[in-house]
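Encoded as C-alpha cells, the following chain is the form predicted alone, with no partner shown.
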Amino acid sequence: MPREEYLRTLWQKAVDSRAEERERVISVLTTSMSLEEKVHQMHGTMSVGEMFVSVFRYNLRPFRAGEDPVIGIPPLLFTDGPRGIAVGRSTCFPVSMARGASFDPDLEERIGRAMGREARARGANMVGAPCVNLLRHPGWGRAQETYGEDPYHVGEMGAALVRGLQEEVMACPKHFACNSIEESRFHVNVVVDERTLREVYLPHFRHCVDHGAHCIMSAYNRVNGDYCAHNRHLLRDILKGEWGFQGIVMSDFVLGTRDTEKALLGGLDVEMPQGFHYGHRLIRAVRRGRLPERLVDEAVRRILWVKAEYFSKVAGRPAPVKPSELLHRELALESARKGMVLLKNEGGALPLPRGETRRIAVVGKLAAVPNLGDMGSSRVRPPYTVTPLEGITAMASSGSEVAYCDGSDLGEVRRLSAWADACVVVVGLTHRQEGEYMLPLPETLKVGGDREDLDLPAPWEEVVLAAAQNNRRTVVALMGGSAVTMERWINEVPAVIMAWYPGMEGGWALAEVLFGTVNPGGKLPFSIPRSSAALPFFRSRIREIAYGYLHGYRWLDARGLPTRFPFGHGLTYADFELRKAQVKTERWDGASPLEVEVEVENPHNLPGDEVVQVYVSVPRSRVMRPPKVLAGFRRLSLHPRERVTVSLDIDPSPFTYFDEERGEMTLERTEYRILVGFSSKNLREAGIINLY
C-alpha cells in the first residue's frame, strides 16, 4: 500500500475508532508521519496577505492550522469570541460580563450552543471562548470579556459556555493564566505565590477542563518569570500533569510564542497564527538535536486526538444551515434582559408608569448609537443593533412624547430634563475608554486599554448632574464592561441601572426594564468601590506586578472597607423574602456535596427573578482565609405570590485551601459557617458544619 494511502487509512480509522482504540491508532499514525508532516500540524497557516488584511478586518475568515490534504487531516478553523462569532454577520450577545451578571449557567450553556451553531455555519470548528481570566481589578481593559471577580462564579459560567459550544465546535478557554492587565500584556511579569495561583487564578480554568474543553489558549504575559506559552509549571506540571488535560495548548496570536525551544519544552502544542517558531525553526532544532522529537510526537498526538474526537462527533450530522438563518435574536434579548442590574431605586422612580409618563427625555449620545463594546479581537458584526433610544421610543405608550439630546449642550440638557416627566440619562464607556489595546498612542487618540481612573468621563458626570438638578425622576443607565465609581453623582439620582454593553437587542431589554414589562434580576459580578484607592494596586503600564491572595469583595471584606455596591448586589421591583435557611447535611465527610436548603418567596404581584447565593466562612482556619467566599448560587424565577423551597448541593472545592507543604488542595477538619442571602452583604447564617 502506498505510504500516503496508508496514512489516510490510519487517519480515517482514528476518526472511526472508539475512544479506547483511538489513542493507539493515533500513536501509530504519529510515528509514521515525517517530521515535516508533524510540525505542519503544530502551527497556523495564515499568509502574509491574510495577516495584512487582518489588521483592517480581523477574523474575516477562520484562522487555519494543520491541514494536510495528502493524509486527509482537516484543519483547525478558529474564530474568536466570546460575545458571538467574529466571522461574518453574527448574533451579538451581551458581553460576557453582562452574561455573568445573569448568574444563569443554563442560559450561558444555551448561548454556547447557539454560538457553536453559528461558528459551524460560518466555516469554523473552534471558538476562542470563554475568556475566564479573573477580574483582579475593574480597571482591566478587557474586563468585559470575562464573567467577574470570583473564581467559583467565573468557573461555573465558563464551564457552561464550554458545554454549550462543544455540542457543535471545539471550545478554547483563554488566556492561561494571570492575564488581567491589557496595556502591559505582552511583557508584564506576574509574581504570584503558589497558594494564590492555585486558589485564586486557576480554579476556573480547571473547571473548564473538567467540563471537557478541547483546547486552552496560553496568555501573552509572564508568570514568575516565564512567558505563559513557555511556562512548564503551568502547562506541563499543572494543566497536563495534575489536571490530566488531554487537549491542545494553543498560543495567543503573533507574540504569544517567543522562543522555539522554550515553548516545546514548556508544553505548547500549537503556535498561532503562523509558524514563526514552530515551522522551520522547530524542524531545524530537532534535526540538530537541540530538541527531542518525542516532544513533537507528544504534541501531535494531542492535536490528532482532539481532531479525531471532534470529527467523529460531527460525522454524519447535517450540514449547518445558512448563516442568514442562524441569528439568535430571542436568545440575545433574553440574555440582555437577565443581565440588567438595578443598582439603585429610591422613591419608586422605577418602573416608569407608561400611562402617566407622557413626556420622556432621553439624554446622552450613547442612547442613540450602537455601543456593543470592544472593537478588538472580540468584535462581533451583527446585522442590526437596537439602541436605547429606539427601544424607549418604541415602548413608550401611545400619546407619550420622547425627546432626545446628545448631552453636548448642558443648557439643552437642563431645559429638556425640566420639561420631562422622567429623564433617562444614558452614559458610560465605549471601546475608546476600555478594550483590547494594540498601539501606544497619545491619550487623545488612544483606543482601548486599561482604566486607572474608574470614574465616568468628566463631561458625562456633568450631564448626569445637570439632568438630576432639573428632574427628580432622573434615571441613569450605565453602559460599560466593568465597575464605574460614582460618588460625585450617585446621591443626586434616585435610580441607576447597569446596562453593560448589552448586545444587538440591548435597547429593547433596557426599555422593558425601564417600563416594568421586565422585572430586573441581574446581580453584580464584581464589587463597585467608593473609590479606586480602596482596591489592590493596579497600573496599566508596568514591567512586573505582584498578585496577592485577596482582591474584589474578599479584599474589601478583609479590610473592612465600605463598598458602594457589593458583589452579588442587584434589586428587583418585587422584594423577595428569604426564610428557613438551613444546612440539611447532618454528617459531612468532605467528599460529597453539602446540601443547603432555603425558602424563597415573591410576595408581590409582579413575576420576577432572584439569585440565591451561598457563601462559606472558615473562622478557625489555621491559615489566613478571606472572611467568606462564594460557594454556590441559583437563579430562580417566581410567579406573583409564589413560594418555593430550594435545595443547593454545595461542592466541597470552595472549602479547601492549597497546602504548600503537601503540594495539594486540603480540606481542614474544622468548623465551616454557611451563609445564605441575595448578595455578599445581605446574608444570614444557615448553619455550622464540622468535618468529621
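Since this is a predicted model, take the numbers as computed values, not measurements. One-based numbering along the sequence shown.
What follows is about the form predicted together with a small molecule, which we do not show.
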### Task
Select, from the options 612-620, 169-177, 91-99, 381-389, the stretch whose residues sit within 4.5 angstroms of the small molecule in the predicted bound form by heavy atom distance.
169-177
### Summary
Interface check vs the small molecule in the predicted bound form: of 185, 473, 113, 328, the one with a heavy atom inside 4.5 Å is 185
### Among the candidates 269, 118, 252, 149, the residue which, in the predicted bound form, approaches the small molecule to within 4.5 Å (heavy atoms)
252
### Query
Would residue 58 count as a contact of the small molecule in the predicted bound form, using a 4.5 angstroms cut-off between non-hydrogen atoms?
yes
### Query
Applying a 4.5 Å heavy atom distance criterion, does residue 234 contact the small molecule in the predicted bound form?
no
### Query
Is residue 377 close to the small molecule in the predicted bound form, meaning a heavy atom pair under 4.5 Å apart or at it?
yes
### Task
Please run the contact check for residue 436 against the small molecule in the predicted bound form: heavy atoms, 4.5 angstroms, yes or no?
yes
